[in-house]
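The data below hold one chain only, encoded as structure tokens and taken in the form predicted alone.
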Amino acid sequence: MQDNREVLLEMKDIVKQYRMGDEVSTVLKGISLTVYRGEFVAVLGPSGSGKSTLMNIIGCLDTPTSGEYFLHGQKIADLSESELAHIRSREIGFIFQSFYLLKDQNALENVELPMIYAGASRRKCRERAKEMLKRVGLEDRMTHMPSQLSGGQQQRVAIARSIVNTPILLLADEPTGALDQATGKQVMEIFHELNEEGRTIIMITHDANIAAHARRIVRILDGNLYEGGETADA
């Protein structure tokens, strides 16, 4: 049966090796992965499984030793550094466990940053950042500094920042790792809403309970990827 969904991301036989002295360590061992537009995929694996290395390659932060990677129809290996920088700033929204908010900038200013780097006007940056903070329920925290926000609120600011440029892909690395269970659940509810709006999400996690929020799970172990099927609420 033919699958007519639009392919957003395709990896073919991705290998990543690191040389340490005379020894070569193979972290990713021929990984192939296809992600369709609008999917919510969890990559589930323990520490040392290769999931962070995989995330860095998906996010165009690192390159594979061999294999092919296509994002939105573009062969990543053929792109220049400036083209890769454009993808990282405009086409991929990053969400990290540690939030990475600028401590001397308030919530609104943190969310504006990707648009400022993309060259948008100050007025457009401000209006869009306000809209995104409202989208994640922080309309009453716009002028608060990160130190005045809870962990969950900081992560919501980070989510607002990740979607301000309307990326084609959200890449989340352990997005609830620094949060308590209740707050993590609130963050995952925002992910569900974003996915229902049509946003494509890839989430890296070691937590099976968090992975269960995704609509599809793939498992990574010792550098090999295993399809885990769809989750119960897909």
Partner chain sequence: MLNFAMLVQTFEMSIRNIRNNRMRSFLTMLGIIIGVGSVISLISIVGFATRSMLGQFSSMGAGSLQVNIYGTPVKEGLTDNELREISQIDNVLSVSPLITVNTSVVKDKTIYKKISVLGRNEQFFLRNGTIREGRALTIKDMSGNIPVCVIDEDAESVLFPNGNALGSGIRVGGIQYRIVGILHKEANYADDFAFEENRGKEGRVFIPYKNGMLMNGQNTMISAEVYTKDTSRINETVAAIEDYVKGQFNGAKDSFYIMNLSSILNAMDTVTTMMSALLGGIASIALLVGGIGIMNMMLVSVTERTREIGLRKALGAEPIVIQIQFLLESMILSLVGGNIGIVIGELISFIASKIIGVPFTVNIMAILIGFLFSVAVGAVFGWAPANRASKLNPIDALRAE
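Quick caveat, the model's predicted, so the values are computed rather than measured. Residue numbers count along the first chain shown, from 1.
Just so you know, the form predicted in complex with its partner chain exists too; it's not on screen, but the next bit is about it.
- Taking the partner from elsewhere, no residue among I190, A208 and R215 has a non-hydrogen atom within 4.5 angstroms of its partner chain in the predicted complex.
- A heavy atom within 4.5 Å of its partner chain in the predicted complex is found for one listed residue only; from N56, T34, Q186, N195, this is N56.
- Contact with its partner chain in the predicted complex, judged by any heavy atom within 4.5 Å, is made by just one of I76, L149, A120, M142: A120.
- Residue contact check for D180: none of its heavy atoms lie within 4.5 Å of its partner chain in the predicted complex.
- Proximity of C125 to its partner chain in the predicted complex falls within the 4.5 Å heavy atom cutoff.
- For the chain shown alone, R156 is not a contact residue for its partner chain in the predicted complex, no non-hydrogen atom being within 4.5 angstroms.
- With a 4.5 Å cutoff on heavy atoms, R88 counts as touching its partner chain in the predicted complex.
- Only one segment in the set 195-203, 37-45, 23-31, 61-69 has any non-hydrogen atom within 4.5 angstroms of its partner chain in the predicted complex, and it is 61-69.
- Residues are counted as partner-facing when one of their heavy atoms sits within 4.5 Å of its partner chain in the predicted complex; in 105-120 these are Q105, E109, L113, P114, I116, Y117, A118, G119, A120, in sequence order.
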